[in-house]
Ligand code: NDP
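Only one chain comes next, encoded as structure tokens, the form predicted on its own.
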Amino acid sequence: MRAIIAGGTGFIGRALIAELQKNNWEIIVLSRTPSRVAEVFGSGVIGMVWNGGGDWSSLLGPQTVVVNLAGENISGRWTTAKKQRILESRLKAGEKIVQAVKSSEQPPAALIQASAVGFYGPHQSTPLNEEHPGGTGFLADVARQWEDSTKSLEKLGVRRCIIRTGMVLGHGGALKQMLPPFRMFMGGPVGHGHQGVSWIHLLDEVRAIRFLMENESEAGAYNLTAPNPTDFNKFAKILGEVLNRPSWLRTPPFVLRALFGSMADELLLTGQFALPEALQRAGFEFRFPDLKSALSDLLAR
């Protein structure tokens, strides 16, 4: 089988490519600079230009799965320009994929479309499965439009799986940013700490994506989160225990708002308790279903 991946040089994309390589997939990464693909992955991964038209669309067909992970990183202060880049990068990627599929002689076997648990908007303690409607706010609106950017491909008979990913724990991403204060004995919860943290180990994230790529009967929305979400108070406590560090120093909301603007209220001070019901119903088994085992594995390496 062949995978064509948009966003393959990002945090999740790199881990996914390593997972696919171990399982004998041919891999093509779409990039504005294909030479960077060779630098990152070596000769085993082919880089192709996004706007190559027929170059990569000619590779579509029943043996090919497209994975759309492309989009501006949401971390950092949300200026008006940053928010515009977050949205437009996702919509443009979806538009290019739709155009390529429509111009090809054969559609791909499937499309894996990235999204996020931010789709549900801020929630208190309500457990959320894939049947819950979309919420309100900037992130929820971005996620909804991101998902819809490739929706038209379903009418062409393309099997489409939407992956609503939570906080991915790995050697990078959010965990990388959390570790320094904990290691300096200055770690702790952010805000009141009751906000939901829907997390997933990076290995389970990419295993779940491959699971959906390979299972022809699966389609629709899937929460890519571990089956045991927690709140930030418990998350900080367990991270402190694994690091053998205290976890008592709470970051006040006003500090986060001063640093990150509206991002603090939508991403750091609120959250969701999202459950992977559709994924488990499909038969996927998590390697790291509980937070302590996930953090212990990552921080032991």
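Quick note: we count residues from 1 along the sequence shown, nothing fancier. Given the structure is predicted, the values throughout are model-derived calculations rather than measurements.
One more form of this protein should be noted, the form predicted in complex with the ligand, which is absent from this view; the next part is about it.
Three-residue candidate spot Arg32, Gly71 and Thr165; every residue lies within 4.5 angstroms of the ligand in the predicted bound form by at least one non-hydrogen atom. The ligand is not shown here, and in the predicted bound form it never comes within 4.5 Å of any heavy atom of Leu212. None of the heavy atoms of Ser103 is located within 4.5 Å of the ligand in the predicted bound form.
Looking at Ile12, you'd find a heavy atom of it within 4.5 angstroms of the ligand in the predicted bound form. The closest heavy atom approach of Ser115 to the ligand in the predicted bound form falls within 4.5 Å. For the residues Thr79, Gln124, Asn129, Ser89, the 4.5 Å heavy atom test against the ligand in the predicted bound form is passed only by Ser89. Heavy atoms within 4.5 Å of the ligand in the predicted bound form map, among the stretches 177-185, 227-235, 213-221, 107-115, onto 107-115 alone.
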